[in-house]
Each structure stands twice: as structure tokens, then as C-alpha cells.
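Read the single chain below, which is given as C-alpha cells and is the form predicted alone.
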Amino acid sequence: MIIDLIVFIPVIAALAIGLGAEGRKTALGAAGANLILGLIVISELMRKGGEELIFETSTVILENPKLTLGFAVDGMSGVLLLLTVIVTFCAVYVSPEKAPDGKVKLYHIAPLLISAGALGAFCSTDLFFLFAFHELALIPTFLMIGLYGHGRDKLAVAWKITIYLGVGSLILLGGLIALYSNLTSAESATFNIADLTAIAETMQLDQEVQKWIFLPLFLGFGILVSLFPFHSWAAPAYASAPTSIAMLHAGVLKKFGLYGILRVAMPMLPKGFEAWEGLILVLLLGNIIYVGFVTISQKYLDRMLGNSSVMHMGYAFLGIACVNHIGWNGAVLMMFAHGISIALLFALCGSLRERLSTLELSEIGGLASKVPFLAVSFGFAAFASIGLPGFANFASEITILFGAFNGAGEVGNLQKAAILALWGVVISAVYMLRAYRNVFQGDSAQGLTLVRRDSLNKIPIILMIVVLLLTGFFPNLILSMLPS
């Protein structure tokens, strides 16, 4: 019942706002309630270990095929639930009282619906609803970029993300239909993920069949994660989106693709991964190396952060490619760490956008003395993104590297990819430290306009920094909930 509450509280709050309730207070109340409930769920997962589903509920929608609206959490979905409720609370907290056009309904409804969609997808025990809840979360993303986005090309960006993610979802849907068709029959038709996984382990589909089902699943999920070379939608979308939407999509919703690969594709089609391992390693290095250099070349802070988010997804794919619990646990920890750190960075970027007449790095400077809290906070966020020891990002990256070399008798393709991926740490240090220097150090650029001083909402910023440090110094808070 508690998971049902967590999923539907944002929906109820969104309906209340639509019917006339005060937008910000209602959204903040719902996000705060979900944060408390999420912590209760996590405490229970820590107590039980997180290997089995808990708080399971199920409502039968159809008998044959068996379709159920059901929710439950284990360690992996629990970590992503925790990520979602933290980022949702912080995103709602930093949102302004009113939308730019003075209207408040959609501006406060959209983050709640994105949160509900993500929570439903992560906690669903049914393959149909896993897909459906994610699609629910995409719709307000498109609308918010088109209606309240930044920049003159916001409509073009909204159409671009709609086309890319729409195509990704269609490819994914085709893969899911193929998977369902090959695993079920008239006598055993079910959408339950646990049942399908058990059937797949028993049936052991032919490698050639697995190969061609795995490909659309991986590509569909990959496009939703901004896998290279299908990544070009992400940076402009995050740069154009309102702050709360950028925080939620980059920090939370983009993790759905990684979750889907770990929850569906890898357990059900292990031989399919083996067939495409070489290609996958090349693509994830494209995320880390190629997109890393693209990030260095960015001239605007928001575009730089958007490309940075794309780059770091390569490490999560590397963790998945390890095909062992160490690598997979590192990937889940990376999802959590990256989700918090990129949400923090976009929150701080949004604050700078409100205060400055430009986000062009060459035209900013000397802000540390004018907005000291923002400068210190951005420093923490930059260090976390780089992967400095003491932050959750470092713990996740080192765990993934341990997974890549676990049991390796010789240096194979996976180990070579891991060695090349280490250069991503250097690349991320270059663009993050350069951005910090340009924005906060030196002298203020001529003609730079600081609209208002340091009135940033400090509570969500401090919360995200504390979470990154806490899980960085004590990564077992997360890892203890995952299979060993």
C-alpha cells in the first residue's frame, strides 16, 4: 500500500492543482510527503537486504493475458525510488511561485506528473505498466519545454526531443512485443516481470532469437538514455527546459532506460548481450570520449551541463557491460549519484540564469564575491561530477572499474574499454574546473548584469550536497540494498 501511495500522491496533487488548489504549496506538500514515505521504504529495504520484492501489491486488470497494476520494490528499484523522491522535492522547492506568463497550473502540475511517471515505471511489477508510466512522464516534459522553455528555438527543441524519444519508445515497444511473444503462449500469457524472467531462464531462447530481440530493446532503452550516437536531443533539451524539468528529466527520468536494460533486457536475454557486446563497448566509449570532447568545446554553461550528463551515462553502460553484480551495483550507484549531482548542477545553473543576462562562459566572471553560497555549492557539485573521492560519483565509478576487472585473467575488450574510459575523468575535470573558473573566479566581465544577489533557496541545495557526501563516504548505504 505504501508504494501505491508514493506513486499516486503526485497524481492526486496534480489533480488538486488542476481543480484550483494553490500550486506551489500543494506540490511541495506532496513532494515532502513522498520524501518521508520514501525514507520509510528505504529503511525497510536496508533492514531486509533488498534482494527480494517488498510492499508488493497487485490489482488484476485482465485475466488472460494476465495484466496487473502492481507495485513493489527491491534494492534496485528502491534506490531509484529514493533518487526520485529526493530530486522531486528539490525540484519543486527551487521552482518559482509563478510561471513566466503568470499561470501556475501546468508549471506545478508537470513536475508532479513526471515524478509519478518515473515512480510508476521504477516500481511497476508489470511490463505493460513499466512502459506506460514512462510514457506518461514524457508528455509534460515536451509541453514544458515548448511552453516555458528558454531560448528562441525552444519549439524546435521541443519537437526534436519529441521525435527522438517518440522513435525510441516505438523501437522499445517493438522489442517488448517481440520479447513477450517469444516467452508466452496462450496458456501462460502474462506481463508480470518476475514471471517472464523465470520463463526466460527456463526456456533459454535460441541465441539468434535473443540477439535480434535484444537489439531493439537496447536501442530503444538506449535512445531514452541518450546513448551515442542517438544523444543529440539531450543537451539542447536540458538547456531549454525550465529548471525543475531539467532536474527531473536529467536526474531521474533518463535513468529509466538503464533501469529497463538491467531489469528486462539483461536478465531475460543474456545471450543477446553477448552477441552485441563489442558494439555496445564502442557506443559507450562514444558517450565518454567523444561527447566528453564535445562538452569541453561548449561555450554556454547550460549546454555544457547537458552534454556532461550525456557523457556520464557511458559509465553506467560500462557497469552494465560488466555482466556481474559488482558492475551492475556500480551502475545503480552511478544512476543515483549522477541523478543527484546533475539535478544539483541544473538547480544552480537555473539560479544563475535568473540572476545573469547571459550564460556564455566567456562573458561571466568574478561571481564568487557576489553570490558566495552559490559559488561554494557549485564547487561541491563540480567536484562530485568530476568524481572526487568523498562523493557518491567516485564510489560508483570505482565500483564499476572493479566490476570490469573482476575475475579477468587477461585484458579483454571490456578491460580495454574500462582503461580508455578512465580518460573521461580527466576530460570531466577539464570542463568542470574551467567552467568554475570562468563563472566564479577572476574579474566580472564588462557589461555583466547581476539581476539580484544571493537569494537562492538553500534547503534543497544543502540536502543534495549532504546526500552526495553521505553516500560518498558511506556507499554501503546504497550498496547494502543491492545483490552481492
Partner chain sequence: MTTAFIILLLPLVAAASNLLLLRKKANFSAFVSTFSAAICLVLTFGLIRQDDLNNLGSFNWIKIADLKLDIGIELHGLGLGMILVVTLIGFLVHLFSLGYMREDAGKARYFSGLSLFMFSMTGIVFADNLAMMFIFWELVGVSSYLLIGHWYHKNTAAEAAKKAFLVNRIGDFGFMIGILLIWGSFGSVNFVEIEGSLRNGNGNYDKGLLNWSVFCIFCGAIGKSAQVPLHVWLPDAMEGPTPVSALIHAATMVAAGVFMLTKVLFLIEVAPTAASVIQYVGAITALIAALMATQQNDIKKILAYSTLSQLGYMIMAVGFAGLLSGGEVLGEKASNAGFFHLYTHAFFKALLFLGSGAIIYACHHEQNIWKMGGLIGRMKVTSFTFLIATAALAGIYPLSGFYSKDAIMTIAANKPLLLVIGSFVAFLTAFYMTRLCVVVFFGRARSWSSEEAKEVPLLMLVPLLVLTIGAIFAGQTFAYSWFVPSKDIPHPEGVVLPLILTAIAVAGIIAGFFLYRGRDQEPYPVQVLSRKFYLDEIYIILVRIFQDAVAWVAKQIDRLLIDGLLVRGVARLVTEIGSVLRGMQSGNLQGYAFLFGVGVILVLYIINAAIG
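Because the structure is predicted, anything quoted here is derived from the model rather than measured. Numbering follows the first chain given and starts at 1.
The next section is about a form of this same protein that is not shown, the form predicted in complex with the partner chain.
The listed set His338, His249, His231, His108 contains one residue whose heavy atoms approach the partner chain in the predicted complex to within 4.5 Å, identified as His231. The contact with the partner chain in the predicted complex, taken as any heavy atom within 4.5 Å, belongs to Val426 out of Ile40, Val426, Ile459, Val60. The partner chain in the predicted complex comes within 4.5 Å of no heavy atom belonging to Gly220. At the 4.5 Å threshold, heavy atoms of Leu69 stay clear of the partner chain in the predicted complex, well away from it. Although the partner is absent from this view, Val294 contacts the partner chain in the predicted complex, with a non-hydrogen atom inside 4.5 angstroms. The closest heavy atom approach of Val411 to the partner chain in the predicted complex falls within 4.5 Å. Contact annotation: the partner chain lies within 4.5 Å of heavy atoms from the stretch 173-181 in the predicted complex, the single such stretch among 173-181, 239-247, 203-211, 340-348. In sequence order, Phe128, Glu135, Leu138, Ile139, Phe142, Leu143, Leu155 are the residues of 126-158 having a heavy atom within 4.5 Å of the partner chain in the predicted complex; the partner itself is omitted from this view.
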